[in-house]
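Before any questions on binding or motion, here is one chain by itself as structure tokens, the form predicted on its own.
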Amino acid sequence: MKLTGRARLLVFFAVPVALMSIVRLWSGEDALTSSDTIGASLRLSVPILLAGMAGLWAERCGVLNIGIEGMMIFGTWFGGWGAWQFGPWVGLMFAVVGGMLGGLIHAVATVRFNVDQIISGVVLNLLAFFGVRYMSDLAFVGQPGGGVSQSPPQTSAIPRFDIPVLSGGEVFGWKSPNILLNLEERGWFFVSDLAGILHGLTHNLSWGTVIGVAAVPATFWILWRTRIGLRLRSSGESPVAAETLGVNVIRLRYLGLLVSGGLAGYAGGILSIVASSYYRQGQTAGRGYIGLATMIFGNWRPVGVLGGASLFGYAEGVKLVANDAISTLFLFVALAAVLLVVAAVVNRNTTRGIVTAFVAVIAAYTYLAIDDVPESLTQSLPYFATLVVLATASQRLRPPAMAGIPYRRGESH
């Protein structure tokens, strides 16, 4: 029996949680699904998610955006400066504007002058890296707490909150119970793990994080449920056909890159305002490139990008909160690979079955043979996880047909 879309989504969520619960009970590593780990994973996922969404908007309108890293750097700098001068909310607005400035530069170069899109993105990254250092020398040097590599700290922070009843929030001064934390502490199979995940997603939330996550449903609704979204996607699939129907492809590509830059800038603002209290050089740490990887993993779809960003964020969260539990993740990989082998046998996919069986054997051996994972390997865990997922998902990917191909109005291609 073929599952519906919602049923398939439910299975894809429930099965990993059940496997993680088995691993937790077997190993005694409660931190694998604790609310602390999930909360850290959420905070670490959001900048990656927004970078992936920035790439999605750009490539859906037909333009490769290698410059997401540079747009994020602009976002961190302008966000840090704005938060220092005017407060965190204004700082986030400045971060968006800074990212849109990078998006406009990329749009003028690639859409107006047809500069090679990869070259334009690389140049934008270099411009952002060296440009913000020059601006820091002008704006931050000599200020209390500031310097050529960082801004003075912001004087206030964006408020945080808990969801009432679920996570112990307040309702008109009444302190509500914390149902999810109570269930998490029971240690039950599946139920406590699910409660820990939900508690981590509803406890100590920043409004800046909530707005960032809201970009996923907003992007889906705009691009797949509105007329302008259909036109924008058509400019990435077949700009010549769109032009014959009266669609202004050039204008839509400018729009797509401005939105892309704004999302990347907001991701940078999250790093300098929400995750930290000041701008610091190197704050993006390559997250723009990881965002591109999650966009590819997500098959240029918002929900897929969310899944890829969550995977990367969880790997980072485990490394940050429960570094000792990293070795148990190999057991999870082994169990998941065994299930995939069974699925491959049922579907008579011999190649996939052999590959996943090999992965299961290697993961099981690693779990049994290694007690402490070296720190040098734990640092690379998130990047390795992203690489593995991209390698396994590559056969089902479908990018926009004309992404990266220059377009000139009135010409056939």
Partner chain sequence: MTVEGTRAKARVPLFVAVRLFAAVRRSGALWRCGVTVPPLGWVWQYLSMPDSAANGSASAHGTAPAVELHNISKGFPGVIANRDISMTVERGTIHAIVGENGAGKSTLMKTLYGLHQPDSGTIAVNGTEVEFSSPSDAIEAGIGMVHQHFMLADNLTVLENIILGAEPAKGGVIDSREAARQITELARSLGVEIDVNSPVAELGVGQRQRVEILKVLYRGAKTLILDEPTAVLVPQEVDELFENLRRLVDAGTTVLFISHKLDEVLAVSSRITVIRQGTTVGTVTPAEVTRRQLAEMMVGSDLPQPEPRTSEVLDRVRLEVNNLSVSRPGRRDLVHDVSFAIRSGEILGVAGVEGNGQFELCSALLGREHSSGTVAIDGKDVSHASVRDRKNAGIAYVPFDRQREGLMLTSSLWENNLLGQEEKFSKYGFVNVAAARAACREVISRFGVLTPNEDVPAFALSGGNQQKLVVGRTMSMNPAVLLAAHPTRGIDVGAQAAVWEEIRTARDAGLAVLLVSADLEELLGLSDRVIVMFEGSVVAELSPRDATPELLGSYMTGAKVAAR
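Keep in mind it's a predicted model, so treat the numbers as computed, not measured. Residue numbers count along the first chain shown, from 1.
The protein also exists as the form predicted in complex with its partner chain; that form is not presented, and the subsequent description refers to it.
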item	value
Answer range among 322 to 330, 74 to 82, 265 to 273, 223 to 231 for contact with its partner chain, defined in the predicted complex as heavy atoms within 4.5 Å	223 to 231
4.5 angstroms heavy atom contact with its partner chain in the predicted complex for Ala241	yes
Partner proximity in the predicted complex: Glu237 to its partner chain, non-hydrogen atom cutoff 4.5 Å	yes
Its partner chain contact in the predicted complex: Gly404, any heavy atom under 4.5 Å	no
Its partner chain contact at Val171 in the predicted complex, heavy atom, 4.5 Å	no
Contact residue in the predicted complex, from Leu181, Leu104, Val247, Leu201 (heavy atom within 4.5 Å of its partner chain)	Val247
